[in-house]
Ligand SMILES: Cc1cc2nc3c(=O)[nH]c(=O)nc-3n(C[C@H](O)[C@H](O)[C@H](O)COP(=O)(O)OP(=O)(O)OC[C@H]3O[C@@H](n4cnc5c(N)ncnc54)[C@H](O)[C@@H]3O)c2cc1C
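A single chain comes next, written as structure tokens; it is the form predicted alone.
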Amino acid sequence: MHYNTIVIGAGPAGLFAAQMIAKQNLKVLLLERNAKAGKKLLLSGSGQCNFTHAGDMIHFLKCYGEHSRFLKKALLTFDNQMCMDFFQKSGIAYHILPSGKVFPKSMQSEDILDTLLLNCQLANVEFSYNSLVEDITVYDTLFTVETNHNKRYFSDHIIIATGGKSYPKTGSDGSGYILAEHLGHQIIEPKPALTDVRVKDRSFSVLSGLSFQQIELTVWHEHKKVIAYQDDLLFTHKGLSGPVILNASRWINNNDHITINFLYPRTYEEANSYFTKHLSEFGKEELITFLKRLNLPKSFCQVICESLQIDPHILCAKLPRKMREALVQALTKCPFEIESLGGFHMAMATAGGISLKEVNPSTMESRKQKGLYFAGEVLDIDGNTGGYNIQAAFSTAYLCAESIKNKIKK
């Protein structure tokens, strides 16, 4: 059977691209290895599907690390407002949280998936479920796709939209990398992203469940500063989580060090000056009471004091200078050594993937093979938590579809 386009992977990128192309009365086949579409999409946003973010594009372009430049064309061509309009026109009302996260008003991920599937149905996209692609070959400009059912399909265009390696039980197990590699593409080693971390020092495990708003986290690799992030933090029984950790995880490796400033935006110097001045002012007050003035939880203060062998009930006036400096250091540059990142089974996204050097950012077409396209997380792109990864899936899929449609017009 010959098709204009074969899309591999029925996630948000694959579904969106398929319906766009098929609407041009073009023959489109969507191959999905699972028995149903959108298995991973249903899990996103804890089953509520935070499908984009309402921030402006200047903000958006800062949320993909070093790969923002590659995504610029895609994000500006099909932006977050266009994404919200698409779902609204399809009958899905949306709700924007104060944080800027955008959810379907029902807070049900099924509504987003059902809308994509309905659009595919109306456009006459042909589906083949339980179809694992085992090989793709190309002769001249014609692709041959072979699946696990010993079926063979032919197509003028291929879109690989198989996702990364996170949540492998959903079918997102890195199989798209193998297909791309066989077609001559370099794969940047995949690693978990948007995941929590385990730390070697478990003395903070008693704080599991305690959260902090707007701290600053700095990542250090072999004593060199890598990146700094500001956001919310959550202590877990084995380490650290929360948006600041999830967003920074793409930069973190095992055995790296991180430091946390719990008094952000105060620097060490500013905090030290504050302590020097006010400890004497509240000299008859216990240290633990003074620390609560900084909106620091009592349990946290007790752990910090214990780690420094400081009596939390010491009077402020009697705190020695060296102890004061050590305390300020611990509050503004609290060190943690990373034992490991949460694995792919826990990670919400994948860093790494198909090398962006080999993909045209204006079309998402391979620079190595005409007619071959990539969309979504199979590429070496990963965004912050907050709807950025699903938006990138839609935006890259849009460019794939537009490029294929434009070729037909010519």
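Residues carry their position along the shown sequence, with the first being 1. None of the values given here were measured: they were computed from a predicted structure.
Below, we turn to the form predicted together with the ligand, even though it does not appear here.
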The ligand contact at residue 100 in the predicted complex, heavy atom, 4.5 Å: no
Contact of residue 263 with the ligand in the predicted complex (heavy atom, 4.5 Å): no
Residue 10 within 4.5 Å of the ligand in the predicted complex, heavy atoms: yes
Residue 398 within 4.5 Å of the ligand in the predicted complex, heavy atoms: no
Contact segment among 40-48, 365-373, 352-360, 65-73, judged by heavy atoms lying within 4.5 Å of the ligand in the predicted complex: 40-48
The single option of 93, 132, 142, 122 touching the ligand in the predicted complex, heavy atom within 4.5 Å: 132
Residues of stretch 385-406 in contact with the ligand in the predicted complex (4.5 Å, non-hydrogen atom): 387, 388, 389, 390, 393
